[in-house]
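First, one chain by itself in structure tokens, the form predicted alone.
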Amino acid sequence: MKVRTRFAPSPTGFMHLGGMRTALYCYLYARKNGGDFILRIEDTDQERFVEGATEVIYSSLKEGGMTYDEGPDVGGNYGPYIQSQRKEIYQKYAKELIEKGGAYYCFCTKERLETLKDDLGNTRYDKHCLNLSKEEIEQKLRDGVPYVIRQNIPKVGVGTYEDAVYGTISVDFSELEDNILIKTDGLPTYNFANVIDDHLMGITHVIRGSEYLSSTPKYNLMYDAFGWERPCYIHLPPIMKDATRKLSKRYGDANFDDFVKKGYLPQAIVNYIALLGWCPKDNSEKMTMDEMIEKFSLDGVSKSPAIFDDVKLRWLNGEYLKAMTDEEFYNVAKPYIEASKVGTKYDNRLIAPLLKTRVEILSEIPDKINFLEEFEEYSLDLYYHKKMKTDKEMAKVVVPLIYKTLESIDTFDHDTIYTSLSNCAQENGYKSGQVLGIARVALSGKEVTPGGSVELAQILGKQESLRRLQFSMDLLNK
């Protein structure tokens, strides 16, 4: 049997990280077992449909490195892959399920349903229309009376099945309600469409969140009524914001796109969410997609909720940045450098390498380099350095020497600047570190900068470096 998994999101907004993890596990499991990964769009809830959300699903999966074998935009042998285009298919199987006794027509009005609410406002259908005669049903259909089709759940008995993660699951049928399968608009609910589509598309393994553990017996009743083989179920633990709250958009940063816009790399996000509920046997943390495929096993999937850790995601993203070549880092950092106050004023290829090991997320870049455009009066206490034995009095002497040194340089490149400042220190009885440290403050007005004074001088260029040194000399001599 060839493994076939599916990711079936609703186009109701951006890609939630929980959905992204489900897609990733479906992808990893299919690839690990030489199977197919299918994308299906479940858009039958038209009231929640968000324009453009389907395209976001496509782009998020592709950006995250999850290429699907079949789907709305790539085709396949089991389409259409958008549920709203499969209405006639659902109608056919709904009527067949009615004939098999697994469903029935319900003509109850909204007003009648309101009378079924309990003290807590919950509605539980009372199977009223199940007792209608065949003649009554046919007459109402001829008269055009609005209806839904409900599932006929047994009043007694227990639904039991095996889950690959949670083991044996049993739910008493008395806890389940006769949910709607086909709505008044003729479109199916998730409860019905996912069963029909999973069977017709040959899905062998259904991977989804643990919130479906208790409703799966309803789906199994339909599989059994049709005489279809049940798929293998793999339910995943929830992702929590903290010990009591699920990760949710209302708490912020719950969407894949949110994190990408904040400067996280797609591959780092995907790597991190893989670890939310799964641990490889070798306890690896930073992994390529190929490594995740190789290591993925259901044995490592946990039953316990996974806590989303912003600090760990930042760390992992930083590790990805550090592992990049200078050219790769420049390509991802360039938009953030250009979005800073620095813009394109300086050679950004000189700036980028200084940032690679100094940021964990790309959105930190502007704050790291804005000082290049924000040079203004600063505290002279910055010249004090206990270990290097420097202070503002030494700076009064050293900054003019630095000025003269840089003014005399014709070729203003890194090696020439470094050699000249080192010679300046040696010739005037100072340590190189003292001169370079004072130069850093005099050129930036900061105690700490990405890159040292040599790199700063090279980026700023000769004219701007001398202007800043003159400003610092004036400040020191006030």
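Don't overthink the numbering: it's just position in the shown sequence, from 1. Small disclaimer: the values here were computed from a predicted structure and weren't measured.
FYI, the form predicted together with glutamic acid isn't displayed, but the following is about it.
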Distance check, Pro9 to glutamic acid in the model of the complex, heavy atom within 4.5 Å:
yes
Given that glutamic acid is not shown alongside this chain, does Ile369 nevertheless sit within 4.5 Å of it in the model of the complex, heavy atom to heavy atom?
no
Look up in the model of the complex whether Asp69 has a non-hydrogen atom within 4.5 angstroms of glutamic acid, and give yes or no.
no
Just checking whether Trp228 would be counted as a contact of glutamic acid in the model of the complex - the rule being heavy atoms within 4.5 angstroms.
no
Stretch from 153-161, 281-289, 203-211, 378-386 whose residues place a heavy atom within 4.5 Å of glutamic acid in the model of the complex:
203-211
The single option of Phe107, Tyr190, Tyr125, Tyr330 touching glutamic acid in the model of the complex, heavy atom within 4.5 Å
Tyr190
What are the residues of 70-99, in order along the chain, with a heavy atom within 4.5 Å of glutamic acid in the model of the complex?
none
